[in-house]
Structure formats: structure tokens, C-alpha cells
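First comes one chain, alone, set out as C-alpha cells in the form predicted alone.
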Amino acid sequence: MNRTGKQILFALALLALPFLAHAAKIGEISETTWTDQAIDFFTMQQPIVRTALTGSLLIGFCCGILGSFLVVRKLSLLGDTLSHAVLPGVAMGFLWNASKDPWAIFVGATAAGILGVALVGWIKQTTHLKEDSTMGMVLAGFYGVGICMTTVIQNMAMGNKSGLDKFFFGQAAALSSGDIELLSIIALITVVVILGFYKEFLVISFDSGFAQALGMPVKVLHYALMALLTFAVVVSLQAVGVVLVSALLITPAAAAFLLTDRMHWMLVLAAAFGMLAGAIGAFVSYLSNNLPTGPFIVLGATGIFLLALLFGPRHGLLPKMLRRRKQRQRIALENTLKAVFHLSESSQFKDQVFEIGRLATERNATLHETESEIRNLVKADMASRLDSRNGPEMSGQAQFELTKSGWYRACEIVRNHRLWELYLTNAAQYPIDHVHDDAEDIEHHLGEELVHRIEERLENPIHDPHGKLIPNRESIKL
């Protein structure tokens, strides 16, 4: 597994923590049915619901967009480092005026996050340590300091009312109007900066060396992006928590990464997935008094990632499995057509009707397997059965013939095979007795354009290295 995969798995491993979380839900509801609670949520009559939902949507938006740059730059572990590094800053912000002032905590946490990122860069530049080792040390060190500071605060006279425990696993219900204002400002700054410097961020994300050669301020852009990430982490702590915010940074972006290979679409999808995860977490949390908000936001993002992993059109496991199955069926069908061509070739192309038993011998297959192959050819309209029975059972003496399209495809497969053998012996100096297996693999994947180029390079040959005819479907007709 490559480094990016390990980092994503490391972030997703944090998802086991929701079961240890004890954060409160959005609102405490009296004894009502879950349907009544769902209706109450969607009508959004209660201010606490509107505040929690708005905050969750803004958090998902910011984390989705900025997390995309972490994923493509293979810096997924940096999100975890940032989320843990800001904890001492949260405690310092609280001590500033002995209250949970959103702006004071934001300033303190941002300063701690930027210090953590700078420390990672400094250790990497001045030592021989790898970047992942450096981030792991900074993560653990800052988190340890933060735990000690929050513990001291909890033991102080005003500590039992500090609410700092909510920063560990998050509580969307604790979001205030000041938090929403801060979230809106950070979301606006994120959009303006990303749109204004999109090309620059795109270049440094995929090829920082090329960006430096163009004269771009790579370090300035890097730290600007790190500052935005720090902002996103800090404003997400209240609803998602220190422990889980890194997963919200990576998971929506990882899901988007599986669905597109265009950066602008990845940003759009990641933002949409982050917002959807926020809405899911807020909704599920509202259904019961015992379901926390932050962990369910992350679980919502994980559900989206699993759907992308299973059903993504290009990289999804299920579409891949279906494509491989379809490819195996196509190759088996083409091998059958090739065997029919060989039978016809052995009779100087006089035979047009073939027995299934004879084809089974040519294919070195059982009669049952050959019967199944003929049925597939008939379904593909490349062959027709000549026996009078219409049932599924066919005997070894049952006869069939290829249709025009089936014969043309058989000629193409044999032509691809023999052209590739000739190309390997002439251009690559392969021994004649070593070209067959390679041609067996490549014959099913050669496109018509590449075949024409090979024919032109070989000056339209007629015979392969073994002296056999290279078929031309226009000149060989049954």
C-alpha cells in the first residue's frame, strides 16, 4: 500500500472513536416519536436546530475544499497533526479572559496550529527525519501539552463551567451565533483565496518544482494554504472535536478523489460531500438524546466514502468487478472466434459449418464449456445454430456457423495476433518461438488505429513469422 493509502486509512481509523464519545446531541427532546423529531428538524422551527445545521454545513464546506489539497499533495497526516496541535491554543484562548470566547479561542488555536506547521517544516529541514515521522512527533507533543492544560483548567474554580471538554468530541448544540459568524467569515475567506489563487495552488499541489521554476512563491503559497487549513480546523473543533476533525478533512476529499480526475470537480464534490455529511450528522443526532453530533458527521462522511468506493464509475469496486467480468467474457468469446477461424483455415476456408465437438477439441475444452461459448456467440449475434432444437442442450454433433459480424471479428483477432508476432520478431528482435504468448495477451487490446500503424510500419505484410496468412476480412469471405 502506498503512502497516501496509509495516511487515509490512518485518518479513517479514528472513526472507531465515536463509540467512545459522550458528546451531547443537538437538542434534548421530550418523549416523542422519531418521526415527530424528524419533522421538527426539517421544519427548523427551533433556533438551536438552525444554528447547529448551519454550522455543520459551513464546517463540511470548508473541510471538504481544503482537505482536497491535502489528499492530492499526499499530506493527509498533516490534517491530523493540525487538529491535535491546536488544542494548547484552545486552552490559551480560554485563559485569555477566562471564558469560551469564540474569537479568543480562534486566535489562540490558530497561533498554535501555525506554530505546529512551522515546527514540522523546521524539523524536516534541519534533520534527516521523514515528514511523516516529524508530523507524528509534533502531533503527539502538542496534543500532550493540550491535554495537560485543559486538565489544569478543569481543576480550576471556573473550569467546571469552561465547556472545553466539548472540543474533544464536538457538540454542535454548543455552537453560538458568534461561532456561526466566525464560520461564515472563514468560509468566505476560503472561497475568495481559492478562487483568486486557484491556478497557483493547482501547480504547487501537483508539481512544486515546476512552480518554483516558473518563479511562483511556493513557500508563501504553501503557508497560506496551511493557514487556511488551520482556520478550518479551528472553527470545526466546536462541532466535530479535536479527535475527529482530521477525518472530516480527509474523508469527503478522498471520496471525491475516487469519482473524478479533475481538480475543480474534486473541490466541488468534496465540498458537497462535506456539507451532506454535516447535514446527516446534525439530523441523526437530533433523533435521539443519546446520539452525538460530531462523530455522526464523520460517520456520514464515511458512508459517502464507502458508496464512492463501492459504486464509483471509474474506481468503484463493483464497477471494476463488472468490467473485469465483462472483459473475461469478451476474451473468451474472441478466443472461440479465433478457434473457429483456425478450423476454417485448416480446410483452406472451405468449411462454413462446424460441429461443436470439433470446436471443443480445437479449444481443448469440455463439451459443456464449448456449448456455453456457442450460446454466448449466438446471444452476441456472431453465430447461429443450425440444429432444429431450440432448447439449451446441444450435442457434440450439433452444428453452427458464424454470422458476418462474427467472421469479421474472428479475422480481426487473428490479424492482431499475427501482426503482433511479426512486429515483435522484426522490430523487437524476439525469437520466433517466444512471440506466441505475448501475442495471446495483446491481441484482445489492440485498437484499430494502432493496428493500422503497425501495418504501415511493416509495409502491409501478408504472412506472419511462421508463414501463416495474416487475414484481411475483405479478402477472406465465407
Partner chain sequence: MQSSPTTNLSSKSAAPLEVHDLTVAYTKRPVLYGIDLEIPKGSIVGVVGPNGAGKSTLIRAIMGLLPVSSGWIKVFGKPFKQAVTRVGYVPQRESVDWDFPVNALDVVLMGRYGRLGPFKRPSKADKEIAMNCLEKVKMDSYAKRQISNLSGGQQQRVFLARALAQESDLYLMDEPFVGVDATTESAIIEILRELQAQGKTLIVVHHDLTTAPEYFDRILLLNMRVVAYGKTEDVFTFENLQNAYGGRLSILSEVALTRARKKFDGDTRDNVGQ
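Residue numbers count along the first chain shown, from 1. Small disclaimer: the values here were computed from a predicted structure and weren't measured.
Beyond what is shown, the protein has a form predicted in complex with the partner chain; the following relates to that form.
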Inset, instruction - Can you work out whether the partner chain is within 4.5 angstroms of a heavy atom in all three of R50, D101 and Q212 in the predicted complex? - result: no
Legend entry - is_contact(I470, the partner chain) in the predicted complex, heavy atom dist at most 4.5 Å: no
Inset, instruction - Look up in the predicted complex whether Q327 has a non-hydrogen atom within 4.5 angstroms of the partner chain, and give yes or no. - result: yes
Inset, instruction - Give a yes or no for H128: in the predicted complex, does one of its heavy atoms lie within 4.5 Å of a heavy atom belonging to the partner chain? - result: yes
Inset, instruction - Give a yes/no on whether Q429 approaches the partner chain to within 4.5 Å in the predicted complex, heavy atoms considered. - result: yes
Legend entry - Sequence-ordered residues of 437-456 touching the partner chain in the predicted complex, heavy atom within 4.5 Å: D438, D441, I442, H445, L446, G447, E448, E449, L450, R453, I454
